[in-house]
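So this first bit is one chain, no partners, the form predicted on its own, shown in structure tokens.
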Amino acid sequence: MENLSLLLPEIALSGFALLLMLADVWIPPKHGRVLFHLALLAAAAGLGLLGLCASNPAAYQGVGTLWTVDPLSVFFKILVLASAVLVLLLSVDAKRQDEHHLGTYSGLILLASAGMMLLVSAVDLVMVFLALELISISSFVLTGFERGDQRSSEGAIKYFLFGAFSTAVMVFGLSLFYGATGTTHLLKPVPQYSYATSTMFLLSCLLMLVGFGFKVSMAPFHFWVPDAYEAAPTPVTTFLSIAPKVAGLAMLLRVFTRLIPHPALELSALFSFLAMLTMTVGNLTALFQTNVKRLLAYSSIAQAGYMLIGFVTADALGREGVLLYSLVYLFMNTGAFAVAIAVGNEEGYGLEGFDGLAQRNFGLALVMAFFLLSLAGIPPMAGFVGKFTLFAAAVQGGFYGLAVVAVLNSVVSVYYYMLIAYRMFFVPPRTERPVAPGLYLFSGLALAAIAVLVIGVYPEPVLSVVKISAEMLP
């Protein structure tokens, strides 16, 4: 196949993931954590390969048979693998980790990451479908990984049923696309009449949007999110809240802003409405949550709504806003879940577990406050820079109503984020037992906190990288 070497990181990662799963048979459970370290090394090696791609585009970027490797895809692949590295760090110190299947767990994280990396490079709908299935199957198993927990099994079943439905709808859309155009390859010329006169072509695009909307937790395709996120092991929840979302958004950017521009389909108003609905549903529902995992689940829905602004505007500034906010979201959401894991290991995941956290571990409470301020978009945190870029794209594109709704939603979100901060600093602790994150959890927290602060205070280098990475080859 043409330019198969462009997919070397994905091929190597998939092969190593399968070896990790086989290792479960031979390595005793007491040595199972070695597999976590091997998975970390594999993901780090993948990041090194992608760094090589980014530093030498002429040699490591190009168009293959069903895929393309360009600055946009390399950027999102780096985000996916960075998310995998951080989640594996969080997993080492997470409570209730099954010591007997650490190879399978690590392998599934890497397989899902490989699927997302394939997705962001796909330029053929058949490859899009196969990548989505690899992501979905790995995610279903990870969600129900705690087999002794009935809620975990229930969440996995709900996730599977919603996922199967969205897949069926998307496959129907793919078949309609083939019927309307005679091809599944997105780089081949699509007859111009399709944009204006073909109902079949338009319907195929809307049905494909359902499949992508499921992955990015776009309303009204978000119903699986709260139950799946609450039921899954918390490191898995962290992974599902970030990596599939940014990979799905990358595919939306490639397909509906470049290859089949949604303004040409006259769907901008619909997509603007979906973005407003997504952020509003996420924020308003988060107001009533008493479990921190469910609260962060609805928060992630709202964050997807903000990122969809750049997709709606379909211009260069909008794409840059999506890339920037995806990078910021990776660190601030991972950091918030890392603190939740540290507290949840001792107290569970009810909001009352954060009562008096500042008196039990002031540094942990302070870092959590930084992440919450960033998620709310308060300066000088990195979240403010990301939201400002997206809101500016909406204003520049003439989507004034979308910009107003986004600002109002950001104001609403301050309430439930600051509710956690209030509990940490102003509510007496229920116990005097200190909260002490392990070494790996502390490492993930430190990386996330440094990134959130540095990007917020000095964003210029990141903005330069984002500007370069927003370019697409096809």
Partner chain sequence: MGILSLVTFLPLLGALILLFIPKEDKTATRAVGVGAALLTFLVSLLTLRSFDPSLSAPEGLAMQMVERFSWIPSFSIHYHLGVDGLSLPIVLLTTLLSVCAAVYSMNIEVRVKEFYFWLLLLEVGMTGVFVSLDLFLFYVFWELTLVPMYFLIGIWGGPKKEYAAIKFFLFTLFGSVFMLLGILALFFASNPHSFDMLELARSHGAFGREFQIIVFLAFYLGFAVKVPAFPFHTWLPLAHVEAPTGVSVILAGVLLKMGVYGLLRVCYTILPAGYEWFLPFLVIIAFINIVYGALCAMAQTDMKKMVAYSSINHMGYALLGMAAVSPTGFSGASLQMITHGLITGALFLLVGVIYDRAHTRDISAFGGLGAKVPLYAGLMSLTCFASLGLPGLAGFISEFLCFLGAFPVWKLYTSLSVIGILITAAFFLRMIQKVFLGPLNEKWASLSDMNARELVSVLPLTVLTVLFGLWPSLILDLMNPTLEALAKLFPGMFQLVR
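All values reported here derive from a predicted model rather than from experimental measurement. Numbering follows the first chain given and starts at 1.
Heads up, the form predicted together with the partner chain isn't pictured, but that's what we're talking about next.
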property: Non-hydrogen atom within 4.5 Å of the partner chain in the predicted bound form for each of L366, A403 and Y458; result: yes
property: Heavy atom within 4.5 Å of the partner chain in the predicted bound form - the one residue of L453, L463, A12, M21 that qualifies; result: L463
property: Among the candidates I378, L203, L284, L130, the residue which, in the predicted bound form, approaches the partner chain to within 4.5 Å (heavy atoms); result: I378
property: Segment that reaches the partner chain in the predicted bound form - one of 408-416, 66-74, 443-451, 27-35, heavy atoms within 4.5 Å; result: 408-416
property: 4.5 Å heavy atom contact, Q359 to the partner chain in the predicted bound form; result: yes
property: Any non-hydrogen atom of L174 within 4.5 angstroms of the partner chain in the predicted bound form; result: no
property: 4.5 Å heavy atom contact, F391 and the partner chain in the predicted bound form; result: yes
property: Proximity of S268 to the partner chain in the predicted bound form, heavy atoms at 4.5 Å; result: no
